[in-house]
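The data below hold one chain only, encoded as structure tokens and taken in the form predicted alone.
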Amino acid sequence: MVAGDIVLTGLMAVLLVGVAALLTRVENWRSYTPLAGGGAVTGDETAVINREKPAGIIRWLTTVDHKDIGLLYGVYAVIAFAVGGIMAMLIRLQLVTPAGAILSNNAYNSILTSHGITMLFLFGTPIIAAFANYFIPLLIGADDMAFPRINAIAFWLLPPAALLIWAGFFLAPVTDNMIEPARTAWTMYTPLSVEQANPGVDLMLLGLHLSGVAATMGAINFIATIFTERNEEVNWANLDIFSWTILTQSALILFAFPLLGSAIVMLLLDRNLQTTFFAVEGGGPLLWQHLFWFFGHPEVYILVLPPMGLVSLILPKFSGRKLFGFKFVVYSTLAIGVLSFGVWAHHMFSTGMDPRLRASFMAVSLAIAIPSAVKTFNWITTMWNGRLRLTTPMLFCIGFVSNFIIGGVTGVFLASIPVDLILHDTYYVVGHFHYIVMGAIGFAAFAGIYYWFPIFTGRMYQRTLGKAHFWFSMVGTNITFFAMLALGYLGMPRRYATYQFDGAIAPLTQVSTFHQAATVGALILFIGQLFFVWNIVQSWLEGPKVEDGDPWNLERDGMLDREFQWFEEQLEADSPEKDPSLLADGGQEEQNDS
């Protein structure tokens, strides 16, 4: 088994070295002529675009256009969201009864592990990259990303990463369970993750490593693009809030993901070469927790800052007012980025660490709530006395604010050492975390999809189905995760496949009731996502075509941003009523002096 693991790890290393060697032979990384970008389109340019882009599957396999890559990221993320959501439903169905309804303990642990990794690394980061790739160049007036080929490479590392992470599920039946899915939980705590003699763990770790490389390459590209590719009219004073959050997120990725990669390499060495980085006689099992959470808590803000930027961009559009306190929203974003590296040990309050260190981490963990609260008050004040239009994107933004308040306040309780010692590793932590990940990040992603749907499809979605999606999601989210908060107060520990425990641990009847309530909420949430999938697919194929470059009537309030101005130019260029060659640089028809 050990020899096989070493061979497998060696083959992956050879593959990665080969990929790196191939990339070094690419001479001019920035020689790509953009297929489309943030500028105006003339008739000649349109002809060049149509001639340069191949048709069919070849287009998507070879494209370096930032918009195509954004769509690829988006499709990838939605598929990962579906896989992770199905895993979540299996978990909830299992916990309907104390003895477990449908899964064995091993199957439950495998699905639990893959659910967390899938949602965080294969959905959370890629869905943000989808919006950023498509819209950052448009918002800052750039032709494309600074390094288009690196942009494409960063995406194409993700499909093999997903296959490696899920490999155990596919290989277990054909290898007679010699290779099984990882059962380490998504945090991969040692010594469990070292001692599991299962090659599926190594495959999962290699997949995580690939996803981290992809995220790092993307972060470098976003930083270079925002610094060097901005239109001359876009300066730091009028840079949009979404670009600010992507810039901050990219900086966090540069500092956090390489550390995760290093820790994964050390874990692989412990597993396959019997090194002692995380052994009791070496660095110790707690070293993994320190390394993982030094990455892991900035990762939370890597995931939540861009959704905050999306809400800060979209919510004012349907409030009829500019974002209140724009500078303070930017400053609070930067403050969160800095403070996020000083809170990791609040995940370790119960490990017996020095009380003086514990107190310092508690102080910073409480302090980081302040810039988050600043944003919340700014969103509320933006809506105050505004002319609210309850479109589907606006509903999801309001839902984001509501869920973020609940997730944030419950996080403040966990930042307090005495409270955390009681609630640590209970369902209270699961409820708090999911209020942020699903209730905030997920809702912001839906707001972005609906808001920009006319741009990336040229069509409009079904508004009634969009609002049904919101209400099912909002009700399901709050039933599910509020029940988890209650389970935590009752003492229900997390990560248990069954809960036939003695009444001295927790009142079994109430625990069963809240588990059943959480499962009902999850079913409601799942039904809402069926509305979403049907609406998006059907509207993309058959929805009414958008003929106005301002489908949300934003110009009335002076809220029309660059991406919709670009969209208007595309519609004019594609219009059969006008000769595209007559469009000047600004997208206006040239006037004939005669």
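So that there is no doubt, residue numbering starts at 1 and follows the sequence shown. Note that the structure is a prediction, hence the values are computed from the model and not measured.
What follows is about the form predicted together with a small molecule, which we do not show.
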query: Selected contact from L72, V511, A415, A152, since only one has a non-hydrogen atom within 4.5 angstroms of the small molecule in the model of the complex; finding: A415
query: I479, A162, L395, V429 - the one with a heavy atom within 4.5 Å of the small molecule in the model of the complex; finding: V429
query: Options 516 to 524, 325 to 333, 490 to 498, 166 to 174; stretch whose heavy atom lies within 4.5 Å of the small molecule in the model of the complex; finding: 490 to 498
query: Y301, H347 and F433 each touching the small molecule in the model of the complex (heavy atom, 4.5 Å); finding: yes
query: Contact flag, I455 vs the small molecule in the model of the complex, heavy atom cut 4.5 Å; finding: no
query: Touches the small molecule in the model of the complex: I368 (any heavy atom, 4.5 Å); finding: yes
query: 4.5 Å heavy atom contact, L122 and the small molecule in the model of the complex; finding: no
query: Partner contact for G408 in the model of the complex: the small molecule, 4.5 angstroms, heavy atom; finding: yes
